[in-house]
Ligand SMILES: Cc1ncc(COP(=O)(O)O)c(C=O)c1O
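First, one chain by itself: the form predicted on its own, in structure tokens.
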Amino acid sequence: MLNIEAIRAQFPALHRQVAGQPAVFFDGPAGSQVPQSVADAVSHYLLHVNANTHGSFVTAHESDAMLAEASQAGADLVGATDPDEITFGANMTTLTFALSRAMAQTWSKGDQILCTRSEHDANVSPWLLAARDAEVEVQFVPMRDDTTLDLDALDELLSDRTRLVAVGAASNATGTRHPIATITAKAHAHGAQVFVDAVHFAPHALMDVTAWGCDFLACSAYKFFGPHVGLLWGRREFMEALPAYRVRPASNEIPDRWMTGTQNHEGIAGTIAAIDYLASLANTDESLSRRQALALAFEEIKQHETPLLQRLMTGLAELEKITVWGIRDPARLAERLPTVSFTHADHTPLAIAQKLGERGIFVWDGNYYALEVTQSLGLEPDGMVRVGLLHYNTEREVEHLLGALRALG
């Protein structure tokens, strides 16, 4: 099991106090805190390297080596075998807009794109706008009442006209996990490609593009304890063939053809440190590969997060005026991540977030850009209160939250 005290000691932010009490960071779905090792990696690059690439001097060589290592680390994180399939950018949203613009050039009028009602808008708007430009139809896979995706409806929507299915590995609003391997198999049976938004999934469970069979995947390092950097994986055959928008002097080889312009080198250095931090949680010997260590680390993360989720769900179920949205059945908690959104019969989500914030408990309110979710659930414009548990959170913090909610009446 994870040594939580040792883990928390690595995160300077977790020592912060509000009104004389330790701050409780349940805002992880919007951005996790970072360990000291990540900040040190960013600082080291800026202070001791800080050069552009492909120069004939030592700091340029060091930058080239760092970027190569980052590609390998990214491949290890997502389960890819080819590090050149990893692209870095500003964030998942920016990378997805760039990819969607390129993919739209390959679509024709009459083609079809499928999104889902369970998505963050970063996995909707890029495809809506690209489809608009290409005069392509967009349809949505609906959610069931428990916020799982209606796969029967997916079967009905898929056709030989379908070019892309865009789906999240997990909902950033309800925590619901989606069966990516099953969805990919259904899409591929109709010749469609699959794009996976794994931003919310990444800090909780092991991504595996090989097992899932998808064609593209994007995530953001600032959700898995790193800096504000986006990561995109795409199959070599597609990343080489798609018409990337780039400046003329830039290399046409992957991944450079997708990373035109000077990248956030210090952030990418910090991303390596974030991935290595995750791998270090396995407490294994050095004979294991980074990928093997990550697989063990995420098993340990699951073992820590699951009891916290169970306690939170049990405690919320005891509060009559609170409604949890999403999977609530204790026997089905494996189908969700430890992200819980709820509403209160007497208080708006904003009012609850403000009251909790005054007590040093950090939660989010609103729709968290998951507009399709809150619209489908009839929860606009106020949205929900979202509590996001991460592996650095504790049972004491969960009890503190439940006590504060009880005090609301």
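Predicted model, so just to flag it, every value in this text is computed and none were measured. Position 1 is the first residue in the sequence shown; the rest follow in order.
Note that the form predicted in complex with this ligand isn't included here; everything after this is about it.
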inquiry  = Counting any heavy atom within 4.5 Å as contact, can you tell me which stretch out of 326-334, 148-156, 102-110, 191-199 lines this ligand in the model of the complex?
reply    = 191-199
query = Looking at the partner-bound form in the model of the complex, is residue 73 within 4.5 Å of this ligand by any heavy atom?
reply = no
request  = Indicate whether this ligand has at least one heavy atom within 4.5 Å of a heavy atom of residue 271 in the model of the complex.
outcome  = no
ask   = Within a 4.5 Å heavy atom cut-off, is residue 263 in contact with this ligand in the model of the complex?
value = no
task = Indicate whether this ligand has at least one heavy atom within 4.5 Å of a heavy atom of residue 162 in the model of the complex.
result = no
note = With the partner omitted here, the residue among 86, 259, 77, 92 that in the model of the complex has a heavy atom within 4.5 Å of this ligand is 92
key: Single option in 116, 220, 174, 184 placed near this ligand in the model of the complex, where near means a heavy atom within 4.5 Å   = 220
ask   = What residues in 105-124 sit within 4.5 Å of this ligand in the model of the complex, counting heavy atoms only?
value = 120, 122
